[in-house]
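Presented as structure tokens, the chain that follows is alone, the form predicted alone.
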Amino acid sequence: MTKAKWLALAILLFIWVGCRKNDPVPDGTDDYQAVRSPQLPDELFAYSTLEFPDTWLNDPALQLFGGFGSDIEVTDAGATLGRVLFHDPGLSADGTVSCATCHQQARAFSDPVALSTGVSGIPTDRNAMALFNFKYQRRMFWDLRTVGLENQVLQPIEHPDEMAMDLAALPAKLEEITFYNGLFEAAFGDATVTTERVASALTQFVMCFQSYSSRFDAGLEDGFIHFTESEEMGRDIFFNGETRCNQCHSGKNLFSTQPFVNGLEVDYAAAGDGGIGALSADPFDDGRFKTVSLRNIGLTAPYMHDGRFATLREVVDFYSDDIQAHPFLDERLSVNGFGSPGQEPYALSLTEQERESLVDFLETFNDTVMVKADWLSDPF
């Protein structure tokens, strides 16, 4: 074989290894447990004691927009079980995909590709959203179609293109795996597995994805004395009122519970995804999508509902120069900045330095604890 052919073969092998899903778990229960038994601490992590800082709990924007999250009680044993379930590919039909496959901790529980691929091999329709701060979220998914985290967590498990697991068969499958017996008993008082208990445990664990530890948060405490000149310029741009960045991404969580039409398209439905409009059939909702928090925004590329922007700079360039006219464009993105929707798009026309500084500032929203916490990590 020639050197060129060897090189081509090596490249193909590298691509195959780098892009494949997790190795499937063994079919036999004993083999499965030998390969996939979780390594958990002798003393359970105190998930039940996790709290948001007082500054968050007293934040007017969060009191106004937030507090909608699940009221389920988080227990140490329940969240521990949820941690195992979240990271276990055995919950998928073919044992290759877990919740964590498309929601990676180091990426603030998002996926670094535009569209995720599950057991079917068919890419999902939308970008996998980052997961954190669910105390302040009530409506789930990009199109807000589901109310309540408990009603959301099972949907990816049964979705045919994601984990494709028959929920009716899931309890029996988990009951056959010995290590789940003790985990369910500790969490719920007996080893019985039900889909409701799976949903409860997953909800408890995901509710512990709390993001409030970033360089920006440290700056709020010390007066931003450790910010660079560029980051300081970016902070001024973000909050100066002219860019209106913090009108859509406000409060400690840098978010809004209101969905917006943000001018990515002239006609979203014609472009392939009408967002909430695809559900409501109301032209007012064409292209209306959930407004995500800017926390961890430097970790969660690519961006937008379809992952069209690979970098933060592309996002900044879009909002500076390329907002498209739309019959129901949000008024905050219009020239006037108030009034009725559908006005002429606003062009910020930021300078090169302003764009780079704004990107530098957005990077300070990245969490420094949640993305590395061992109590949220893969236990297998």
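Everything numeric in this text was worked out from a predicted model, so none of it was measured. All residue numbers refer to positions in the sequence shown, first residue = 1.
Another form exists, predicted together with heme C; not displayed. Remarks below refer to it.
- Every residue of the trio 140, 202 and 262 has some heavy atom no more than 4.5 Å from heme C in the predicted bound form.
- Look at 239-247, 213-221, 184-192, 166-174: in the predicted bound form, residues with non-hydrogen atoms within 4.5 angstroms of heme C sit in 239-247.
- Screening 78, 89, 156, 277 for any heavy atom within 4.5 Å of heme C in the predicted bound form leaves a single hit, 156.
- Between the options 136, 180, 289, 255, the residue in contact with heme C in the predicted bound form by a heavy atom within 4.5 angstroms is 289.
- Contact check for residue 207: every heavy atom lies farther than 4.5 Å from heme C in the predicted bound form.
- In the predicted bound form, at least one heavy atom of residue 333 sits within 4.5 Å of a heavy atom of heme C.
- When contacts are judged by a 4.5 Å heavy atom cut-off, residue 108 does not count as touching heme C in the predicted bound form.
- When heme C is considered in the predicted bound form, residue 104 lies well away from it, no heavy atom lying within 4.5 Å.
- Contacts of stretch 101-120 with heme C in the predicted bound form, defined by any heavy atom lying within 4.5 Å, are made by 102, 103, 116, 117, 118, listed in sequence order.
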